[in-house]
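Here we start with a single chain on its own, the form predicted alone, put down as structure tokens.
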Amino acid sequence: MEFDAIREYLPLYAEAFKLTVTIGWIGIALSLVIGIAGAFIMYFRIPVLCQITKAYVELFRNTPLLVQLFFIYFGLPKLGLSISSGTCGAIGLGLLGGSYMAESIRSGLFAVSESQKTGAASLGFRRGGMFFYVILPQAVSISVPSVIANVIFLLKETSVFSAISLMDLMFTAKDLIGLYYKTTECLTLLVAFYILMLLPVSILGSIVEKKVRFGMYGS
């Protein structure tokens, strides 16, 4: 292990880390917006949109992110629509994540028992009030673990961004290994930066999950 090489490569990894995290979280934010909208459409069974949403979920959950990125980055220019690699990465991650988020949130909504709805109706709740004050809080509590797992999954999926020439962590590691053959040093830095990216999310997610569940079921 050559520590001089690690110190030399550290700034390059820091830049790649910043880019990876930025695009990753933009994609995750987009996936949450798509997921919430999709879950509500499926829960309320909005005609036409419900069928389109279900088809979208099945399509994106059953195709690899790499294939989706290739289609967006290399396929869309054939149709006259060219986008940057960074935008492609964020959109691809958002579309993939949206399919998982929609299913997670939808499952949480449908997991609320009918007895809860019957009880709310007997207390005089109208449909809108029942949804926002009875169903939605419980659905959020149920969905939180799955949503957090999806966030971690999406951050790990950023490792395929290098396939569309995005200077992310994986691209930087492969580039430096190809140039200088410092495989151990480059991979050590790669692992360290991915841990730095994922571990805080995992810890924070556990805290949020406990707080949400305590808020729902605590005294």
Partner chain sequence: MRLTEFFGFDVLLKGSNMLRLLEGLMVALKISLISVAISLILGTVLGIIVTFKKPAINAIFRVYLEIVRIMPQMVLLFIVYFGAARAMGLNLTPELSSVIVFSFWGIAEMADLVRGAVTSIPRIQYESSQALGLRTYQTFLYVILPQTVRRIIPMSINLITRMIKTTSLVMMIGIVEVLKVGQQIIEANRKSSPNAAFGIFATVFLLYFIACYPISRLSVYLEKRWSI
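Numbering follows the first chain given and starts at 1. Fair warning: this is a prediction, and the values are worked out from it, not measured in the lab.
There is another form of the same protein, the form predicted in complex with its partner chain; it is not shown, and what comes next is about it.
Trainee: Can any non-hydrogen atom of Thr22 be found within 4.5 angstroms of its partner chain in the predicted complex?
Mentor: Because no heavy atom of Thr22 falls inside 4.5 Å of its partner chain in the predicted complex, the answer is no.
Trainee: Does its partner chain get within 4.5 angstroms of any non-hydrogen atom of Phe110 in the predicted complex?
Mentor: No, Phe110 is distant from the partner.
Trainee: Can any non-hydrogen atom of Leu198 be found within 4.5 angstroms of its partner chain in the predicted complex?
Mentor: Yes, contact at 4.5 Å.
Trainee: Are any of the heavy atoms in Val191 no more than 4.5 Å from a heavy atom of its partner chain in the predicted complex?
Mentor: The answer is yes: Val191 has a heavy atom within 4.5 Å of its partner chain.
Trainee: Only one of Val160, Met167, Leu32, Met42 comes within 4.5 Å of its partner chain in the predicted complex by heavy atoms, so just point that one out.
Mentor: Only one listed residue qualifies here, and that residue is Val160.
Trainee: Indicate whether the candidate residues Arg7, Ile26 and Thr87 are all in contact with its partner chain in the predicted complex, with contact defined as any heavy atom within 4.5 Å.
Mentor: No, none of Arg7, Ile26 and Thr87 comes within 4.5 Å of its partner chain in the predicted complex.
Trainee: Let me know which residues along 62-97 have a heavy atom within 4.5 Å of its partner chain in the predicted complex, or say none if there are none.
Mentor: Heavy-atom contacts within 4.5 Å come from Asn62, Thr63, Pro64, Leu66, Val67, Gln68, Phe70, Phe71, Phe74, Gly75, Leu76, Lys78, Leu79.
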